[in-house]
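One chain comes next, on its own, written as C-alpha cells: the form predicted alone.
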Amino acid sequence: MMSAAEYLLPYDFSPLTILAYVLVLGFYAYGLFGMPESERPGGGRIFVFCLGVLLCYAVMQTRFDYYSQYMFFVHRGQHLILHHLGPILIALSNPLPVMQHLYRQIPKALRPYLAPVGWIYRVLQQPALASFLFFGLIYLWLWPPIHFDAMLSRDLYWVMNWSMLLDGLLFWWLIFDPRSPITTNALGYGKRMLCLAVVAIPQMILGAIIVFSRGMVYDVYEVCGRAWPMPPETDQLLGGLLTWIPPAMMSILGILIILRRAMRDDVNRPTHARAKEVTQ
C-alpha cells in the first residue's frame, strides 16, 4: 500500500514540466499582488484558476501519470483533464486582467521580440483552424500506430501530453474569451457555439468507434501490461466512453454558457451602443 504522499510524487520526474507549472503560478501570483486591489479578481476566480492548473499538474506529475501509461481508460481521463476540464477552468477564471498587468511590466524595448508569438497566436486562433486542431489532435494521438509509438517513447509521450494541454488552452480561451464581441473584435457568440458543435461531433464518432469495436484497437496496453487486472475489453470500453460522452457534455455546457453571455450582452446592448457613441 502506498501512502498519500507517495501518490503525489512524480512517477516520471520532469524538471521542465515542474518548472513550467511553478512559473505559471508564480507569475500569476506576482501579477495578482502587483494589481490595484480594485482591479484584482475575486477569491472565486483565483481558486478556479489554481484548481485548473493543479488538476493539469496532477495528471502529469503524480502517480496518476503511471496509471495513465498502463490503463487506456485512465489515459483518456488524463487527456480529458488536459484538453478539456483544466483549460475550461482556467479560461472561465478570466486571467486576462492579470495577463494584461504582467504584459505592462515587460520593458517596452523587449515587446517587439514578442511580435512573432502574437502572430502565431492570431493564426492559431482562427476559428476553423482552432476547431480542426482541437479534434484533429485527438484523432492523431489515438490513431493506433501513433498511439503505440507515443506510449512507448518517453519524448513522444511528453510531446503528446503537452500538445493536448496547449491546444486545449488555446481553444477554450477562444470560446470563453471574456471580451464582448459587441465592443471588441472578439469572436462572435454564434461562431463560438458553432465551433463547440463542430468539435463535438468528431469526438462522439471516435468514441463510438472505440466503444463498438469488436477487437482490440490499442494493443500497446497488452504489450506493456495493465496496472490493474481488468479485462482488456472493459478497459477499452471505458476509454471509448470517456472519449465519447464527457467531451460532448462539455461542449453542450459551453454552448449554454455562451448563450447566457449572449443574452446578457443583448440586454446591455443599448448601454454599449451609447458608450460607443460617446467615445466616438
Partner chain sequence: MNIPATVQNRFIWVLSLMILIAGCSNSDRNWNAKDISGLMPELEYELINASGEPVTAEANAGAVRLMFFGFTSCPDICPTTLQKLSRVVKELPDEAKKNVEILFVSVDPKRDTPERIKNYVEFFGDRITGLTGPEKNLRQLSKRYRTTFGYEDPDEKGNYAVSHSGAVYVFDRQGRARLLVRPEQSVDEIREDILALATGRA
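Since the structure is predicted, the reported quantities are computational estimates derived from the model, not experimental observations. Numbering follows the first chain given and starts at 1.
The next section is about a form of this same protein that is not shown, the form predicted in complex with the partner chain.
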query	finding
4.5 Å heavy atom contact, D266 and the partner chain in the model of the complex	no
The partner chain contact at R111 in the model of the complex, heavy atom, 4.5 Å	no
Distance check, D219 to the partner chain in the model of the complex, heavy atom within 4.5 Å	yes
Interface membership of W173, the partner chain in the model of the complex, 4.5 Å heavy atom rule	no
Interface segment, criterion being heavy atoms within 4.5 Å of the partner chain in the model of the complex, picked from 94-102, 75-83, 153-161, 193-201	153-161
Heavy atom within 4.5 Å of the partner chain in the model of the complex - residue from C224, L54, I252, I245	C224
Residue (of I209, A186, I146, L166) lying close to the partner chain in the model of the complex, criterion heavy atoms within 4.5 Å	I146
Candidate site L19, Y21 and T234: all three near the partner chain in the model of the complex by heavy atom within 4.5 Å	no
Residues in 235-264 with any heavy atom within 4.5 Å of the partner chain in the model of the complex	none
